Ligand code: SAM
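Quick heads-up: it's one chain on its own, the form predicted alone, in structure tokens.
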Amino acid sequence: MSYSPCLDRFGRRINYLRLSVTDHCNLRCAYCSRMQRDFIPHREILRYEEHLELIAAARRLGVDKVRLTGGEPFARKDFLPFLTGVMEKFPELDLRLTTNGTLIPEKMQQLKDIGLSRLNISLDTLDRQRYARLCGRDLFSEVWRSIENGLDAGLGIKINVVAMRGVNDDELGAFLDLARRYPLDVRFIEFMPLTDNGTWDRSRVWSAGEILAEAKEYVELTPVSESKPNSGPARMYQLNTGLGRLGVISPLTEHFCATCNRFRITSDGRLRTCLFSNREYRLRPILRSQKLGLEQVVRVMRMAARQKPMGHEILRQRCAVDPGGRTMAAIGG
């Protein structure tokens, strides 16, 4: 496929798309959603055919990595057939998936069979009772079965942990032990001010630097140089004894905006060039227009890239005031 690279005004090449298929989720994690929230009306949610068109448009800009997210992607009906269709239509694509793991314990071999190689599973605690409090439902056992079944199926498993002081900072040893015993990545993500529901507070930020310093009290860590393209912002460390790895993602304390290569598209078809900016570009009306088409979608995406900001400046302002804007569930995790 021929394409013209999509560069922003800072010279960053956009080659990674995070595409949300739904804002619905079967959990109610406080940092991700409002306890009382209105879902996007069904008529405004993109059809699967429109998602395929967006991926095709992104490919024409040189995007070669797509992550499907939600909400919870498997909360949407027929998501697995859609995933199969994406793999069949874009076999060259580096396709990834982020899930809470609660709905898929028995689907891991199917995911492997259709060609998926890696899976990110969100899990902020290894304590069942704490999980129920944090997520609103007692589904820890389902998540754990998904992890075990995924590893048995040969999938690469990454566990994403939102790092929160006073919430799960007493579980670092348990997560490190998990990385010792299983060939998976445990990645701690700094708690970001994204939802205006009063859950974010600077005192709750458990920084990447603090996590690494505390981890070194348990294990010896060796930095891993990620040579793969599209390896992402995580800094990875191999444990001196064990099968897995530890990672930290530090959008607050050591931002990586200078190398940001991604677009996000919400489930109702709004393009966001930066997670921290509330500026959005409406693609759904273009997709559903009789007069416009894929060429116009490509033009809008390229124009939006030229306006892509350095997000750390916006994030610094959010840390000083109420975050505002959409919830993470609505944006796409």
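Just so you know, these numbers come straight off a predicted model, no measurement behind them. Don't overthink the numbering: it's just position in the shown sequence, from 1.
What comes next is about the form predicted in complex with S-adenosylmethionine, which is not displayed.
Answer range among 65 to 73, 280 to 288, 295 to 303, 46 to 54 for contact with S-adenosylmethionine, defined in the predicted complex as heavy atoms within 4.5 Å
One stretch meets the cut-off, namely 65 to 73.
Taking any heavy atom pair closer than or equal to 4.5 Å as contact, tell me whether M192 reaches S-adenosylmethionine in the predicted complex.
Contact check for M192: yes, within 4.5 Å of S-adenosylmethionine in the predicted complex.
Partner proximity in the predicted complex: I157 to S-adenosylmethionine, non-hydrogen atom cutoff 4.5 Å:
I157: no, not in contact with S-adenosylmethionine in the predicted complex.
May I ask you to check whether M328 falls inside a 4.5 Å heavy atom distance of S-adenosylmethionine in the predicted complex?
Residue-level check for M328: yes, a contact with S-adenosylmethionine.
Classify F39 as contacting or not contacting S-adenosylmethionine in the predicted complex by the rule of any non-hydrogen atom within 4.5 angstroms, answering yes or no.
Close contact is absent here: in the predicted complex, F39 is far from S-adenosylmethionine, nothing within 4.5 Å, heavy atoms only.
Only one of V162, A208, A234, L184 comes within 4.5 Å of S-adenosylmethionine in the predicted complex by heavy atoms, so just point that one out.
In short, V162.
Interface residues of 237 to 265 toward S-adenosylmethionine, as seen in the predicted complex [heavy atoms, 4.5 Å]
Counting only heavy atoms within 4.5 Å of S-adenosylmethionine in the predicted complex, no residue of 237 to 265 makes contact.
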